[in-house]
Every structure is written in C-alpha cells, then in structure tokens.
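Coming up are structure 1 and structure 2: the same protein chain in two forms, each one given alone as structure tokens.
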Structure 1
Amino acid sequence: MNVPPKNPSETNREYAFRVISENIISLDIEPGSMIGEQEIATVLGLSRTPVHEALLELSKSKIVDILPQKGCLVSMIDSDLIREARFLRITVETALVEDACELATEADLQELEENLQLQEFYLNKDPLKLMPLDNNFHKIIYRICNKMQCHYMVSLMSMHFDRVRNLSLHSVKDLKIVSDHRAIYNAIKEKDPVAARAAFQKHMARFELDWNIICQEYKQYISDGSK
C-alpha cells in the first residue's frame, strides 16, 4: 500500500479516507482483496476509529463491503456501478462546463491552462502522472461554478469509474485525454456552451472502447456479471 504523508489540514479520518481510496483507485489495493481496520491503522499510525469512519464512508459507494468480524472486502470492478457513476458525472459535469463558459475568469482560465500544459508535458513522458492532473482539471471546473459539495458527492461514487480510468493509462495506446481537455478548455475560453457540452460528452464517450480493452487485459479484476 502506498502511504503518502498526512497533509497539515487533514483530520485523521480525512487522511485515512484519502489513502485508502487512492490505493483502491490505483489498484495498489486490488479488487477482491480483504483489508482490516487494525492493519490500516498501524500502517498509517492512527487509531482504529478514524479508519473505521473512513471505511464506513467508502462503503456508502459500494467500493468496499464491510463484513462483520472479518474486515472489508474491496469490490470487484462492476460495469453496472461504473455506468451509474458515469451517468452521474455526465449529468452534473455537462451542466458545469456550460456554466463555466459564463463564470470563468481570466485567473480561472490561467489555472486551467497551466494544468493543461502539465498534462501535455507528461502525456508521452509519464502517462501515469496524468490521473491527478485529470482529476484537478475537472475539480477546477467545479470550483469555478461554486459546486464543491457536488464535487465531493460525485467523487465518492466515481471511484468505480476511476479504477477503469487508471487502468486505461496502462492499456490504451492512443490516449485522447489531453486533447479532449484542450477542446473543453477552448470552448470555455470562447464562452461557447454548445461546444463545451459537445467536447465533454465526446470525452466521456471514450469509455466504451477503453472498457473493451480493459476487459481483455484485466479479466481477473472484473466481476463475472460484467465480462
């Protein structure tokens, strides 16, 4: 398990939640594996209470299943949960990219541009570094629209989808992530909500191809009903 340092502003529960969720999304904690509260608490240097609270929060999105007296079972990759997460993201973020065309300031555009430049830098050098930049690109748009509570709720459900996004960085040879983000950015900069909607929905539609590739290469992580 990868254990990053605790941020000064984080509570113990927030730290436990972040570390567990990041390790599940990266598959450092593999689908179908068991994890225990005491084991995680020891690794993180925490008491069991914040770890227990973090796992309870994660169980709400069905990314883990709490088994009394046994521990927590990390869910297999399930196409139904992925598609539900995608539906939520598409519904919320289509509206957000349209609103951002009206609300984005020059400072907001500069922040998006700097993020994109980093994405373009890492695309061919180290694609695995794209995931946090991708997440932050979308998070900036939530912040532009003053919808950070929505961001938290969507992020919780999106962990199912995020595992597939992470696997696509390993499997998909012709990544379109950065060019898609550039198209979304250009539409926001030009204050064109129709183009922003079209660019975002094209971005999300790439899942079907990625999913077919991942089902072939990572069969061991996919639930039987999803293959």
Structure 2
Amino acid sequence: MNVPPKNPSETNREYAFRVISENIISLDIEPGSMIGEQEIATVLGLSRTPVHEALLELSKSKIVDILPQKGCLVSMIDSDLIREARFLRITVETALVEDACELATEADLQELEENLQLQEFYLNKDPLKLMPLDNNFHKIIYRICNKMQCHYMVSLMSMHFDRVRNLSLHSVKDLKIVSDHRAIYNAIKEKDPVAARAAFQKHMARFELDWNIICQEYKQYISDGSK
C-alpha cells in the first residue's frame, strides 16, 4: 500500500478516504482482498474512527463491501457495476457536452484548451500523467454546466470504471483519447451540440474494445458471471 503524506488542510477522515481510494484504483490493494480498519489505521498513523468513516463512504459506491464483524472486502472487478458506471457517465456527460455548447464562456474554453495542451505535451513524454488530465477535462465540462454535485455522484461510481482504465494498455490508445478530447473541445467551441454529442459518444465507445482483452488478462480479479 502506497502512503502519500497527509495534506495539512484535510481532516484525518478525508486523508484516509483519499489514500484508500487511490490504492484501490491503482490496484495496489488487490481486488478481492480483505482489509481491516485497524490495519489501515496503523499504516496511516490514525485511530480506527476516521478509517471507519472513510470505508463507510467507500462502501456506498460498492467499491468495498463491509462485512460486519468480519472485515472489509475490496470488491472484485464487477462487470455489472462497470456497466452501470459507464451508462451513468455516457448518459450524463452526453447531455452535458450539448449544454456546454451554449454555456461555455471564453474563459471556460481557455481552461479546456490549457488542459488539452498539457495532454498533448505529456502524450509522448509521460503517459501516466494523462489520466488525471483526462479526469480534469471531464470535470471542467461539469463545472461549465454548473453540475458539480452530479460530478461528485458520477465520480463515486466511476471508481469501478477507473480501476479498469488503469489496466488498459497505453500507447496507441492514448493518442486517440487525446484527439477525441480535441474533437469534443472543437465542437463546444463551435457551439455545435450535434458534433459534440457524436464526438463524446465516439470517445466513450473506445472502452468497449478493451474489455474482452482485459477480461482474459486479469481474470483473477474479475468476479463470477462476467462474460
């Protein structure tokens, strides 16, 4: 388990939530493994209370499953939950990119452009930096549409999805993702909701291609009835 330092501005509970989340998404904590509150509390140098509260929040998105008096099970990769997370993101964000065509100000477009510049910069240099930039690109679109609470809800569920994104191979795919973002940006800039919708759906469809490969490769992490 990877333990970054505590940010002084965050509470112990927020710190515990952040560290556990990151380790689950990065697969440093293996799907299907059991984690104990005491064990994590000791590693983080905290008492059980903030760790308990962090796990409680994580259990709401079913990324962990608290088994009373037994322990806390980190969920296996579950195709049904990934399907739900993907459905939610596609449905919500498709509507958002359309709205963004109307709502985006010059400053908003500049923020997106700046994010895209960084994506293109890191594309060949340090692809690991792409995922946070990708996440932020989508987050900016929520902010443009004043839907930050929706963003929080969608993010929570997206953890299932993010964990698999980490398994996908980089290289060619990264190139396409960045150019997808560029296409979405152009459509918003041109205030063309039809093009924005099309570009976004093309973007999200890329994931489907990888799913079968990932299923083969990492089947020890994938729960039962996933095809």
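Definition used throughout: the rigid core is the maximal C-alpha set that superposes within 1.5 Å between two forms. Structure 1 provides the reference sequence; residues are numbered from 1 along it. All of these numbers come straight from a predicted model, not from anything done at the bench.
In this comparison, the chain shown as structure 2 is the form predicted in complex with the DNA. Superposition of the core reveals a Cα shift of less than 2 Å for P127 between the two structures. For E14, the CA shift between the two structures after superposing the rigid core equals 2.5 Å.
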